[in-house]
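The chain below stands alone and is given in structure tokens; this is the form predicted on its own.
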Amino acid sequence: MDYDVVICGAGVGGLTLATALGQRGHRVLVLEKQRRFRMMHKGELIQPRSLHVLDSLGLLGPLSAGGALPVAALAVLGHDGAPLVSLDYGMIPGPYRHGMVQSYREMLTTIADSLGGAVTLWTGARADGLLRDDAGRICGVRVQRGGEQDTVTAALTVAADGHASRLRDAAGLAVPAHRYGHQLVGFELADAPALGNRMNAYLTRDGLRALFALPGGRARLYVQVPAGAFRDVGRAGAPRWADDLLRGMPALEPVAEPLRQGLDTVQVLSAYRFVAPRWALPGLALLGDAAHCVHPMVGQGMNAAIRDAWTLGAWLPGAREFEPARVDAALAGYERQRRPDLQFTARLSHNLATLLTGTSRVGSALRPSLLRRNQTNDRLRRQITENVAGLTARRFTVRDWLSASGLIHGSKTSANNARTEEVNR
């Protein structure tokens, strides 16, 4: 079977790329090893820059119609619920001055349902290995589907098959991954009370707790634990674990009963950090977690995959010019453009994770006053919000660090004189 592009992995990044290429008339095949999209606790927050991408592809309307909720701000609170600092999307420029929340499964379903006729989606189909032509160029994949093996040839193969990418390994691209020392235990809570339009992150001596509304009267709760700690709890010990969690954090009392009723929805997520040494070989592109992993703080991993898809789609030639030499030149341009932007995102995500998930005694004592003091520093909050939103990639200056630490007074004026590096406009 012959296609222009075969995309291995129907995550948000893979489906976004398939949508973009299908709209340009490319013959696209998407392979997804799962037979149906499963409930996954990940990637719920679509950042403003990603809203622009999805809107450009005609996907924002279907997502909104599917019940996706607007998010006004990212709020950091103390363990008792007292506000510390917030990143308000209303501070940023442009038409997308908000985020959007939807469960990952519904997001995938919505985008998959919007694929045009030029895109074919095979579920229950796993890419088992790479095909190469006589010159060694990658020219497709071997596929396991319905108990049988088949081959699919394509001018471009895209590995969008996650952080443990089989295709990346088959291409010989070894990745030294860093695993964080904590995990996030996630729950989906039904019949949750009204939680407002902010994503709330609570800082405790034991780590981060995040709580926010999902469509349909649901909510998501994430609880940070040391890596491997929940393995000893297990499903049998989950009720007692939940009671201990609630006793130690009264701010979660409004969702106490939904949590007790939703213990069977538990999923434990590990966090990794790496950037693959190369994102492209002749005939092959890496996308999303196959190319890089960042800490899943405020959806940065999923949003990076959307940006990958948008950038790669923009570099690739049109359907009539889709021949190997042009494709390989485009892959080099994709990596050259996206890699520095992603490296900034990786540093930003790591720094936020370090700040919000630290459990040292000194850090836990100093962090609330530091964050609370910077709530009045509008210039600094705007800069961080624009970076998190994906609109800019602006590094902190010495003045920023001094301001954040309280050694100089933070400015309440706009940062009109600051140099802004616009990314992927």
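The structure displayed is predicted, hence computed values, not measured ones. Residue positions are given as counts along the sequence shown, with the first one as 1.
The same protein also has a form predicted together with a small molecule, omitted here; what follows describes it.
- Remark: none of the three candidate residues (76, 203 and 347) comes within 4.5 Å of the small molecule in the predicted complex, counting heavy atoms only.
- Note on the partner interface in the predicted complex: the residue among 86, 300, 103, 311 having a heavy atom within 4.5 angstroms of the small molecule is 300.
- The listed set 207, 162, 282, 262 contains one residue whose heavy atoms approach the small molecule in the predicted complex to within 4.5 Å, identified as 162.
- Considering the small molecule in the predicted complex, the lone stretch of 290-298, 224-232, 68-76, 350-358 in range is 290-298 [heavy atom distance within 4.5 Å].
- Contact annotation for residue 32: at least one heavy atom lies within 4.5 Å of the small molecule in the predicted complex.
- The shortest heavy atom separation between residue 390 and the small molecule in the predicted complex exceeds 4.5 Å.
- Using a 4.5 angstroms threshold between heavy atoms, residue 49 stays clear of the small molecule in the predicted complex.
- Contact between residue 329 and the small molecule in the predicted complex is not found at the 4.5 Å heavy atom cutoff.
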